[in-house]
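Listed next as structure tokens is one chain, alone, in the form predicted alone.
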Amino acid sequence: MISSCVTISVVEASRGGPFVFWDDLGAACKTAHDIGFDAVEIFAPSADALQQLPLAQVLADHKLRLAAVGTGAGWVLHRLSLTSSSFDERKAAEDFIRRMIDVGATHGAATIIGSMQGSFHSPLDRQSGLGYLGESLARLSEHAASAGASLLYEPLNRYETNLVNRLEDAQRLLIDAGAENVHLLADLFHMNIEEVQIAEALTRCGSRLGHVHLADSNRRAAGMGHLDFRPIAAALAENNFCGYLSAEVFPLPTPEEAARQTMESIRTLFSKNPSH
């Protein structure tokens, strides 16, 4: 059964980004619970910062799960990427992600690799960049498995990376690398830019699909742009998708309205659990 999720950022440097709630973890979780979400996805500055949050208590208070933790702050704050031409920087990037995996695993959460995949730039060529990325994902896959957690890899649009932009290419990368414990994160905003047909791309993922960032064409809440979500919902149903639909969208016109619009779309289009 599909579960619902909403994003919370506690990274000041990312203010203005596509996260629904900001800063106040307790208030955000209360609103998420009141609207009917099953879980939250948290974007934190580091594993230490994540560990210092009163997560267990706040989640318990509001009957929420932690669906996933993002690692993008490793790039935003420290410019770490898995495809840097520097061995030391690649190692630091892996270490940053490993620590996030460990903290997220204590809450049963997956860890997302998106912007930390980086891009290739001279003197690095594309093939070398893909090689570094695949090797890192394989090692991190094993670490996540040992921690009892899963890893999510998110292909991004061409304006954010020049390595992997489409789900099919991401799936091939994971297979070739032997990264068995890594699932695909399908972000509908990125897919609207890169995929020929979103629903078909989702169908081809099969059981490898682990998480979906639910966003409309303009990165506002589903139903506030021009995407047709009916074939997308049908594709997820065909795949028996039972992961999270997570609102990684701009908090427009307000965070609460974006969250409520997302929940309405999930209930209407994706056969959300009627208990909510």
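All residue numbers refer to positions in the sequence shown, first residue = 1. Predicted model, so just to flag it, every value in this text is computed and none were measured.
What follows is about the form predicted in complex with a small molecule, which we do not show.
Although the partner is absent from this view, residue 141 stays clear of the small molecule in the model of the complex, with no non-hydrogen atom inside 4.5 angstroms.
Using a 4.5 angstroms limit between non-hydrogen atoms, residue 134 is distant from the small molecule in the model of the complex. With a 4.5 Å cutoff on heavy atoms, residue 84 does not count as touching the small molecule in the model of the complex; it lies far away. By the criterion of a heavy atom within 4.5 Å, residue 150 is excluded from the residues contacting the small molecule in the model of the complex. The stretch that touches the small molecule in the model of the complex, counting heavy atoms within 4.5 Å, is 156-164, out of 171-179, 156-164, 121-129, 93-101.
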